[in-house]
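What follows is a single chain, given as structure tokens, in the form predicted alone.
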């Protein structure tokens, strides 16, 4: 099946600050912006680059749990708030747990492919610091099959990925794995320090790897991971315009200031079933292959990747799922510096979920914004060199424990 019968582009990306512990502006006992603030800031950030709401044909917003974190539903109704010229234009919201942002991107891509829109304003948003972490963990457990909530850890998803880490330790070498996890964390924070909107931008720790090598303590947290192996609770939003060739002309943006979408996949696994193998991200593996096949390239053609590192173990397993490392060799691949910003395949160049932050519904869109920034030389101090021999990038956005996955392949113009 040919997925892209016409050309599709993304342009005019924008990120708010990823706000939460680690940012100097964050104080848990002081009033903070609400979800409507983030929607408007992100949306306006893109509209200011494309000539305003009058040039937009429809809107999409990705969000996971505003109905519980913020007691707010009907998020499409906030899109006209961004700009008066968006009033009475179609808008939808989509949800797929932490993969909601990726679903928003795919929804926008499909509208352009269907030729029902030339310009789609696509947003992702989440405001999670409205409840204490332990209560937030219960809300986030809805990304899995909630019927099994009582069988899981109090910190449900850290517990899920702790189990994956434990299986990886048992199947391969624990010390090598911990070293790989620590290197992943170190890279994430160092990259985040180069991005002013990142949650870990202010992190001054001079011994990142040593910090990350602290032994897990199951009595205080989970058995096989520490808090440094985890993405943080984050508030934030990201936005980008998804456009056709006519859409680029309509908004007056040159192709060199956009990235082309050349392949994509959206893959769903049965949420009621446990992973067949805790040491593999099977759904990501399937999504990546489908996206690369639809683009007509292999993983060896990729110049950079933004992957869903909700936990360090997820980052390690992604290197294996994509094909860069053999099963069990991902930790060594990372420890050797291959995923660093100057490595063989730079990953998560603004910090990923661990470094930039993980406002769940926004993450997939943030990944796309990062690729757009890198491919149009807008990444500032976080800019990496994109080789002409490898002009492709990929984003991998995951919802739940490898259940909802969106993989998108981009090409530098």
Partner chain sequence: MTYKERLKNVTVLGAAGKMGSGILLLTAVEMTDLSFKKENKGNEFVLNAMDISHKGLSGLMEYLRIQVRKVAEKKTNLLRKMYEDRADLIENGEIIDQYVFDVLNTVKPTTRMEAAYDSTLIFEAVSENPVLKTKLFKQILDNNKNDPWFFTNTSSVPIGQLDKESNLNGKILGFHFYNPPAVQKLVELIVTDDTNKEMTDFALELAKKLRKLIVPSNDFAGFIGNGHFMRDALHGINTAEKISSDIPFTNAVYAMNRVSQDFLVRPMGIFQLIDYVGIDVCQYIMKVMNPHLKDENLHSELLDTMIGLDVRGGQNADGSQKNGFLKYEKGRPVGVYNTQTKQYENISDFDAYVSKYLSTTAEKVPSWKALLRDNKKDEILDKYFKEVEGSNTKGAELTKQYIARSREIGKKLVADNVAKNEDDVNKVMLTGFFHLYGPINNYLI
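Note that the structure is predicted; figures quoted are calculated from it, not measured. Residue numbers count along the first chain shown, from 1.
Not on display, but discussed next: the form predicted together with the partner chain.
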Exercise. Is it true that 300, 324 and 411 each have at least one non-hydrogen atom within 4.5 Å of the partner chain in the predicted bound form?
Worked result: no
Exercise. Contact between residue 232 and the partner chain in the predicted bound form at 4.5 Å, heavy atoms?
Worked result: no
Problem set entry | Proximity of residue 114 to the partner chain in the predicted bound form, heavy atoms at 4.5 Å | no
Problem set entry | the partner chain contact at residue 132 in the predicted bound form, heavy atom, 4.5 Å | yes
Exercise. Hey, in the predicted bound form, is residue 40 touching the partner chain, heavy atoms inside 4.5 Å?
Worked result: no
Exercise. Which of these residues, 256, 202, 149, 174, gets a heavy atom within 4.5 Å of the partner chain in the predicted bound form?
Worked result: 149
For this session: Could you spot which one of 138, 85, 246, 268 gets a heavy atom to within 4.5 Å of the partner chain in the predicted bound form?
Result: 138
For this session: Given that the partner is absent here, state which listed stretch (149-157, 93-101, 290-298, 189-197) has heavy atoms within 4.5 Å of the partner chain in the predicted bound form.
Result: 149-157
Problem set entry | Those residues of 60-75 which, in the predicted bound form, come within 4.5 Å of the partner chain by heavy atom | 68
